[in-house]
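The chain that follows stands alone, in the form predicted on its own, written as structure tokens.
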């Protein structure tokens, strides 16, 4: 699918505020509200825009502790097995296959250190996990939504 400069601007505006009206976006990109809606519908049907979501501050809901955990797995563990297993844990924010020594990197959020320790123990109990190495986040320095590259 071809994404032109106007599509990129619409996406950037939605990333900044997904609750923006089509009329507000249209005023910013010089299109009518129905024209913006058609473009957004096209971007959604093509899978470019996968959905709209609320961004919640984890600390505001009591999840003040986070960590990145390197998973070391048995030799024949597939990315699909890791994905299925990590989805079972509510503390998992994301899981990724990575290059380097570890087989995967898992991002966890928990209420406190005790909760994090429980989550780690459950993660370590997965049958394919041979060991883990954890890094607790002290502070978040940069956090941004998905950014659309500028055209050109």
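Numbering follows the first chain given and starts at 1. Keep in mind that this is a model prediction, so the values were computed, not measured.
There is another form of this protein, the form predicted together with the DNA, and it is not shown here; the text below is about that form.
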Can you tell me whether residue 37 touches the DNA? I mean in the predicted complex, with a 4.5 angstroms heavy atom cut-off. yes
Using a 4.5 Å heavy atom cut-off, state whether residue 32 contacts the DNA in the predicted complex. yes
Test of understanding: in the predicted complex, would residue 21 fall inside 4.5 Å of the DNA by heavy atoms? yes
116 to 124, 37 to 45, 56 to 64, 89 to 97: which one contacts the DNA in the predicted complex at 4.5 Å, heavy atom to heavy atom? 37 to 45
